[in-house]
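One chain is shown next in structure tokens, namely the form predicted alone.
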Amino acid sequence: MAETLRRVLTKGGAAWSGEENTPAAGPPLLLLGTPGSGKTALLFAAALEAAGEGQGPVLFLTRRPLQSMPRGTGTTLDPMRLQKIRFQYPPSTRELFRLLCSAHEAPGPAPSLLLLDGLEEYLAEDPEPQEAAYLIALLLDTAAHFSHRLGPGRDCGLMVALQTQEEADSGDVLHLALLQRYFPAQCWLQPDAPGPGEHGLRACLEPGGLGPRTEWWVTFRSDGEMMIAPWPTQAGDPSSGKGSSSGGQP
């Protein structure tokens, strides 16, 4: 999943056709960030990217509908891609368990990507470690089942977003340690000083042993437009050289 997110964050990634040499899904990825750091926007951008790869549909699980559609250009918001994203809104942990347990009964083609937004809200209902471990196991098993349905050489990726706090309690630390054990690939969204009228952050992608760590400077403007550029390799103003843009809401 790190490769899909890398294409979202890399300049020119949206132009990748995905018709040939589509990489394997890779290990499950954990997207981490404080409230308002752009996790949902990046998850949705990853869904759009995967929907354009010519594989199966995308299953996007979230507690509530998105408030607005990310602004985009070109093929980013191609209606054909949007139609391949299936949203489901389990309102509670019990309903999420039920949905995952019944995934093998769902008709239609198997998803090539499974996304879960707002994991912390589900964990908050029952913070016991065994409940968190059970949910993680269900997510991994569901992705493995979809991979089996997709056939040889095709895997269903798994990407989960978790909200972090600046001052985490012992329960949060335990949940994070458990998640990091099963999600070797991680992307941290760290707030950074933006320019006037902007919301900026540093995106650090650790692909779980499949490549080097990569960093980007991501800015959300007041109108919701998401600007992405490589993180400067030398000291200087990180707002300089801002590059590609795609639609999104922090």
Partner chain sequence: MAVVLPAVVEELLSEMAAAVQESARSTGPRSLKFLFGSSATQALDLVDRQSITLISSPSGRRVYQVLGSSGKTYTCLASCHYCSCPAFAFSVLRKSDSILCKHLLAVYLSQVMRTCQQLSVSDKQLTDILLMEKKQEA
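Residue numbers count along the first chain shown, from 1. Given the structure is predicted, the values throughout are model-derived calculations rather than measurements.
The same protein also exists as the form predicted in complex with its partner chain; that form is not shown, yet it is the one meant from here on.
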Candidate from Ile85, Ala110, Leu162, Leu100 lying within 4.5 Å of its partner chain in the predicted complex - any heavy atom: Leu100
What I'd like checked is whether Cys204, Asp223 and Met227 together line its partner chain in the predicted complex, meaning each has a non-hydrogen atom within 4.5 Å of it. no
Is it the case that Glu131, even though its partner is missing from this view, gets within 4.5 Å of its partner chain in the predicted complex, heavy atoms only? yes
Although the partner isn't part of this model, could you tell me whether Ala124 comes within 4.5 Å of its partner chain in the predicted complex, counting any heavy atom of the residue? no
Taking its partner chain as it sits in the predicted complex, is Asp141 near enough to touch it, meaning that at least one heavy atom pair lies within 4.5 angstroms? yes
Can you tell me whether Leu178 touches its partner chain? I mean in the predicted complex, with a 4.5 angstroms heavy atom cut-off. yes
Looking at its partner chain in the predicted complex, which residues in 145-165 have at least one heavy atom within 4.5 Å of it? His145, His148, Arg149
